[in-house]
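Okay, so here's just one chain, in structure tokens, the form predicted on its own.
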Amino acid sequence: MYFYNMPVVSAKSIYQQVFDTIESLYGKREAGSLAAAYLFDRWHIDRIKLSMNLELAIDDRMLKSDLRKLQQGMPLQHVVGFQEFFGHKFQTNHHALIPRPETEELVEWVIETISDLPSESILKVLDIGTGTGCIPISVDLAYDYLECTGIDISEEALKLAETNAKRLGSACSFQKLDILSNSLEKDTWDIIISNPPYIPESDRSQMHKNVLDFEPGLALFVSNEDPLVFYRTIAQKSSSALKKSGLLFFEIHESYGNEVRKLLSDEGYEDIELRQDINGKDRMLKAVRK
């Protein structure tokens, strides 16, 4: 049976095809979750429709193309072209990290904090290593009295961030800047946020193919000899770039919470707060410039 030249197939049939394609890559549990997510993201088949085993008209060529990409280890977000993040759909590609749930928790903390700040004037927010732009765009869309900027060393990532801002109706601006080599404007920012590279090269062998082959190593890895290089550099440059009592937020490697906290203390920051993510791992820090 065909509808508009598209075959009609059952929801469970599609699920099984996806599951069979990726089970060997991810294992049964994760393959099941990914297959269900694929059905929803690509074909709008939720778990109710799946349980009812509804029949749907499907673009067979698109399905086959998707299965080939998934079989190669391509992340689901790159296959369907987006990742849901803080209630917004962000376009994704191999030039920037896929937005992750831990970063949503960081954004939520930033937004909660802003709600407690005086709003008589425009607050200037900077995101360092912006990637898809998910952090500054999500923060910007939460309030109408912010001026948000994202910086990144990658021109391709910045193009993606600009596309996301335009699609989502955000007024965020984006600039190319290498934070390790360039300075920041002094006494300019009310809030600086960063989710910098923090995975030591020694952890590379433990990471999944879909990350190593399809996400930029530049945004992931740091040397084993100096894994805190971005935190130290950003903390030092932010100490003059932040306005008095300005806020610095970091997403961190779960193993480095105390070390980054000490680093911030040594740089003269006050009211340093370390938070865990939903999985109980040290994941976020907030500090105040004197």
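Just so it is clear, the model here is predicted, and its values are computed rather than measured. In case it trips you up, residue 1 is the first one in the sequence shown, and so on.
Not pictured, yet referred to below: the form predicted in complex with ligand GLN.
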- Note on the structure: Assert contact_stretch over 130-138, 97-105, 143-151, 116-124 against ligand GLN in the predicted complex, heavy atom within 4.5 Å, equals 97-105
- Do I199 and ligand GLN come within 4.5 Å of each other in the predicted complex, heavy atoms counted? yes
- Taking the shortest heavy atom distance, is L177 within 4.5 Å of ligand GLN in the predicted complex? no
- Message: Within 4.5 Å, heavy atoms only: does Q77 come near ligand GLN in the predicted complex?
- Response: no
- Task: Using the partner position in the predicted complex, report whether L184 sits within 4.5 Å of ligand GLN, counting heavy atoms only.
- Result: no
- Message: Using a 4.5 Å heavy atom cutoff, which residues in 200-220 contact ligand GLN in the predicted complex? It's fine if the answer is none.
- Response: A219, L220
